[in-house]
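We begin with a single chain expressed as structure tokens, specifically the form predicted alone.
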Amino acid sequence: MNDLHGILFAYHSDLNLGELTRPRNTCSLPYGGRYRLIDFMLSNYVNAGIRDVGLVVHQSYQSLLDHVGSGKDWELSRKHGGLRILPPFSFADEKSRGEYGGIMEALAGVYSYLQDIRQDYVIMGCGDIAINLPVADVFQQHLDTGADVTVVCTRKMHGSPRSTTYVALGEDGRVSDMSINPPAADSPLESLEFYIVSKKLLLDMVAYASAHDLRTFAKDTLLPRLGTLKVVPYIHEGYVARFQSVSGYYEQSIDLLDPAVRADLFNPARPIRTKDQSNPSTYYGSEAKSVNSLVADGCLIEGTVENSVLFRGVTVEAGAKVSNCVLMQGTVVRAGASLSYVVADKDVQINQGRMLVGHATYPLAIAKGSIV
């Protein structure tokens, strides 16, 4: 798709995710046994034929850079175009508050990059959503409807209202109103905050926003122009996972145990790519038991695993029991330990005989590298 440029915003670390985002950007949060959240939208862009992608970062992005590298695993390592990492090199020091205050502020920080975009249209959105989005279909609808802006929406409510934008439609099917972070959901359509817009219009919007100290796209830029711009929704009917709390991360990780969710999210027609790691196959001991679980390569399972998601290199020793848990890469559960409703970050060690119990609505989160 030679006329569409991709921009992904990866500057946000959601504090509501607690221990899970303390060492990393939300977009580099591990998910699904072997992926990072950024993998999904990068793959969606590439699957649609997009070959130029700008990744806007700000702080705490070392883990993200380690993962995406040059973009080779997404076929974005190119002499011309490909993946570009966009740190806040032109963002004034006195404005720096730890991260950008919104999309428009982020775009103003990389304005010279926007001017050099070769394509006539731009798709932009955040890289912290797990979704298999048919970007080519979204773009085709944008062209067919003659929209100034296309916004991707879903009928299924996923986000916390205080962190979500809702869309109302007029009789003509166009967006007539937007509710930004209301106390409760007040519309049947939730915006996923992915937008397609022409390069020319985007540059005009960014220049105006910068001159008037406007920082957000939906509230400051799009909402005041609904009467003059043709804003059309694209309604995505598939699975969407948004990550705004530890309990939400846990719930949406466990969702992957449902074959229907996996079939939708990992549609072979639009594969989700990730950083290649040549791990050996998982070893199961003679007394091992694994029931209704996702277990990645490179694990050593000698105990019992039930209704859980295990990332690469997890060890569950003999006599240990893991149920309803999400254990990230390198976690070790020693003999005799028992875990239930636990989310363990990378390289956690659970010592022999320990018992850790959370709840489905309040899972126990253990910070990266902890020894319990």
Partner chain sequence: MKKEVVAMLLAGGQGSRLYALTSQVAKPAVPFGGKYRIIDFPLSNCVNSGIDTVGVLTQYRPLELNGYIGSGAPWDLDVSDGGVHILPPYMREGEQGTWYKGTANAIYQNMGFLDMYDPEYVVILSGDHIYKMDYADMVAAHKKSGAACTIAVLEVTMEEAKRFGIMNAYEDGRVYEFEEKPKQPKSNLASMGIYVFTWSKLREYLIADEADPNSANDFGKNIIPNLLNAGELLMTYRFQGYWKDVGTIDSLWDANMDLLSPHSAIDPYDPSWPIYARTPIRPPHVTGPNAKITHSLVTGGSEVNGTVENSVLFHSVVVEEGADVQYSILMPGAVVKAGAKVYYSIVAENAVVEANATVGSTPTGDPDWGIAVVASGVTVGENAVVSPKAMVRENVKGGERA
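Keep in mind it's a predicted model, so treat the numbers as computed, not measured. Residue numbers count along the first chain shown, from 1.
Beyond what is shown, the protein has a form predicted in complex with the partner chain; the following relates to that form.
Residue contact with the partner chain in the predicted complex: residue 293 places a heavy atom within 4.5 Å of it.
The closest non-hydrogen atom of residue 76 lies beyond 4.5 Å of the partner chain in the predicted complex. In the predicted complex, the partner chain lies farther than 4.5 Å from every heavy atom of residue 264. Residue contact with the partner chain in the predicted complex: residue 137 places no heavy atom within 4.5 Å of it. This chain appears without its partner; in the predicted complex, the one residue of 216, 282, 245, 145 with a heavy atom within 4.5 Å of the partner chain is 282. Residue-level contacts in the predicted complex: of 109, 159, 298, 125, one residue has a heavy atom within 4.5 Å of the partner chain, and it is 298. This chain is displayed without the partner chain, yet in the predicted complex the stretch 265 to 273 from 225 to 233, 114 to 122, 265 to 273, 192 to 200 comes within 4.5 Å of it by heavy atoms. If you take 174 to 199 and check each residue for a heavy atom within 4.5 Å of the partner chain in the predicted complex, you get nothing at all.
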